[in-house]
Each structure stands twice: as C-alpha cells, then as structure tokens.
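In structure tokens, the next block holds one chain alone, the form predicted on its own.
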C-alpha cells in the first residue's frame, strides 16, 4: 500500500508512525513549575542525540494548541531531569501519563519518591536507576503551520546519577540489569530479553571490495 500522510487524519498517521518506529526509549521527564509543584510525565518521542556535548531530547504534542505541563515548566525554569523507565516501573509510569491539571503532583499520584538533584531544581525519580539532570539548550517548533504540532525540547546533560548495579567497568551500562521499558504502540510495551552482539568491521582489514 502506498500512503500519502496528507490524505490521512493525524491520529491515523500517528498510529502508523508509532507502530513502525519501534522500540522507542521513554524519557520520564521530571520538572518543577515556577510555583514549586513537581511534575512527572513520560515521552516516547525521545532519545539521546550527542555524547559530546551530552545532549538529549524529547518531543511533546500541543493538545488544543497548548503546551503540556512538562514542556511549560521547562520553558519557565530552563531545567528538567531525564529519568529512565525500567520494566518494574511500568505501572507507575502509566499513572504519570494520565492527563491532569497543573496542580497535580504525579510523584504523589504514582507513589514515587522525588529525589534532590545536584545542579537543577527539578526533582529526580529515586526509583529510577538512571537520572540525567539537564539544562535547556533550546526548542524547535515542528508544526510547520500545519495543526497544533509539537515542540521538541533539547537539553544538555549537566549531571548523571547511575545506580551501581547497572554500571559495568569502563563506564558502560549493563542493558539487562537496567531492564528498560521500551515503547511500542497503543497499549503495548516491551523489554530486553536477548542481546545480539555484533563487532563493527574495520575497512581494509575486515571489509575490502578489492578482495572479493
């Protein structure tokens, strides 16, 4: 089937896109409002962008043309924490995904512990084994004048909290010990159960067309 996304409703395009680009990491974004209210919400349009400088991003839609609470808090405070969601925290993550009013503290609703961060005011999720404290670099509006669109948020990682039990020698993360929750589509999620290790080839030594 050939599909022009302009011929579909936005919700149908979303279903195709989110169902095809899988699995996706989940940024569990914690922020604090300018009035001091904690906020926590998951974003599956998210990823790491750069190691030097360390940079992450997440993207949130604009229901009715308004920013979600997390994004508005980032715009107001220029800070957030990018927490990793583990498989064991799936239910708490789902509770924090519920649309609620700005005065609701999702930490309390989900029974999670807000931990003090080192360099930002936004709290981190103590139950999460990895927290990246971030300072806002900038945002990018990808609406293009079509519909309410989304706002992409870019953050510079200024401090990392890594649990000892997911950390391997040489500053590597053990993916099985981390057990991250992966986003699929609709109500579906997944977990890592098997690793496929492939060593990268070296041009000239391992791969050379002239040897064929």
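Positions refer to the first chain, counted from 1. Treat the numbers as computed from the prediction; the structure is a model and nothing was measured.
Below, we turn to the form predicted together with a further copy of the same chain, even though it does not appear here.
Using a 4.5 angstroms heavy atom cutoff to a further copy of the same chain in the model of the complex, all of 19, 55 and 193 count as contacting. Remark: residue 37 does not count among the residues lining a further copy of the same chain in the model of the complex, judged by a heavy atom distance of 4.5 Å or less.
In the model of the complex, a further copy of the same chain sits beyond 4.5 Å of every heavy atom of residue 120. The closest heavy atom approach of residue 143 to a further copy of the same chain in the model of the complex falls within 4.5 Å. Using a 4.5 angstroms threshold between heavy atoms, residue 80 stays clear of a further copy of the same chain in the model of the complex. In sequence order, 17, 19, 20, 21, 22, 23, 24, 25, 44, 45, 46, 47, 48, 49, 50, 51, 52, 53 are the residues of 17-53 having a heavy atom within 4.5 Å of a further copy of the same chain in the model of the complex; the partner itself is omitted from this view.
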